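In the block that follows, a single chain appears as structure tokens, in the form predicted on its own.
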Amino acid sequence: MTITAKKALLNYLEFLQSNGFICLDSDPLEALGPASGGGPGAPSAAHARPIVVHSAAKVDASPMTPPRPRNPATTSGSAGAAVPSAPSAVPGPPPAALRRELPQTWGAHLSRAERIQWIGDATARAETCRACQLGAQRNKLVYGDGDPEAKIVFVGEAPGGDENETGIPFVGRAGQLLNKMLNAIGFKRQEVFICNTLKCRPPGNRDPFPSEKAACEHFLTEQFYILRPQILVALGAHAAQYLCRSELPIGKLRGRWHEYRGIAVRATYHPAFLLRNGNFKPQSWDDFRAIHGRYVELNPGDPRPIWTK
């Protein structure tokens, strides 16, 4: 299946408008003219998949509005988890906020239940996305997996074959290696959040196109709003170049700290690359030790055990 640049842009504009990201003064068709090959087709039915968070999420695909602060006086103090005083939709940040650095306080007031609901809302919207050709070609959407209150978020480039079948990121051999690397710095997989710059698999596991990454960026940015991570870890060249806003190779980007919208970023080699090139594992271990050090610095009350020889 092929799609023209004009049609892809038209699909993207209509998706953003229908989900409340932008407000256009006129119909997108008036600005772009007729799309090649006719108007955009109706989205196909979304494949059924579980929302991969650790409890059920209520789905509300309403337009995005700021979440409502919870009332501390009406929340439960048990287990340190606050519960909203009344059910409320938490469908996402205001569109303008997606174009700025993440405010330091944004999302900080959300309870775990509200974050889970918000992830469900975002997943439902991503299921309907046809902003690029990948949405119609995928088997399953791969939105993300892990703790909705994770302090560290790992970002890969795009789903692979295993992920396209399960709807869960990093479940193949590369994912197994990532799990071991996490354990080495004191984390279990369920204590972090793992996602990709793309939510759909490129055919044949080809490299993501820049237009595809741009079409998916608002979903990725929204994930960061929901999770409020302290640290982003870019796995591989594509994720590193994208989050670091650089065209330097991964070897030049790793080994130091960067920023993405106000969040600390550490770039390192993709686990799949390490499976093919084991001699680069020491460099990756240096990066993971740096991630551990930054986490302990930001969370002095949570000193994670780190693997030593």
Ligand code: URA
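Note that the structure is a prediction, hence the values are computed from the model and not measured. All residue numbers are counted from 1 along the displayed sequence.
Only in words, not in the display: the form predicted in complex with ligand URA, which the text now covers.
Trainee: Within 4.5 angstroms, counting heavy atoms, which one of the listed stretches 110-118, 164-172, 144-152, 180-188 is next to ligand URA in the predicted complex?
Mentor: Of the options given, it is 164-172.
Trainee: At the 4.5 Å heavy atom threshold, is L227 in contact with ligand URA in the predicted complex?
Mentor: Output for L227 is no: heavy atoms all beyond 4.5 Å of ligand URA.
Trainee: With the partner left out of view, is E222 within 4.5 angstroms of ligand URA in the predicted complex by any non-hydrogen atom?
Mentor: Contact with ligand URA, no.
Trainee: Consider H270 of the chain shown here, and say whether it contacts ligand URA in the predicted complex, taking contact as heavy atoms within 4.5 Å.
Mentor: It does: once ligand URA is placed as it appears in the predicted complex, H270 has a heavy atom within 4.5 Å of it.
Trainee: Would you please decide whether A158 lies within 4.5 angstroms of ligand URA in the predicted complex, comparing each non-hydrogen atom pair?
Mentor: Contact check for A158: yes, within 4.5 Å of ligand URA in the predicted complex.
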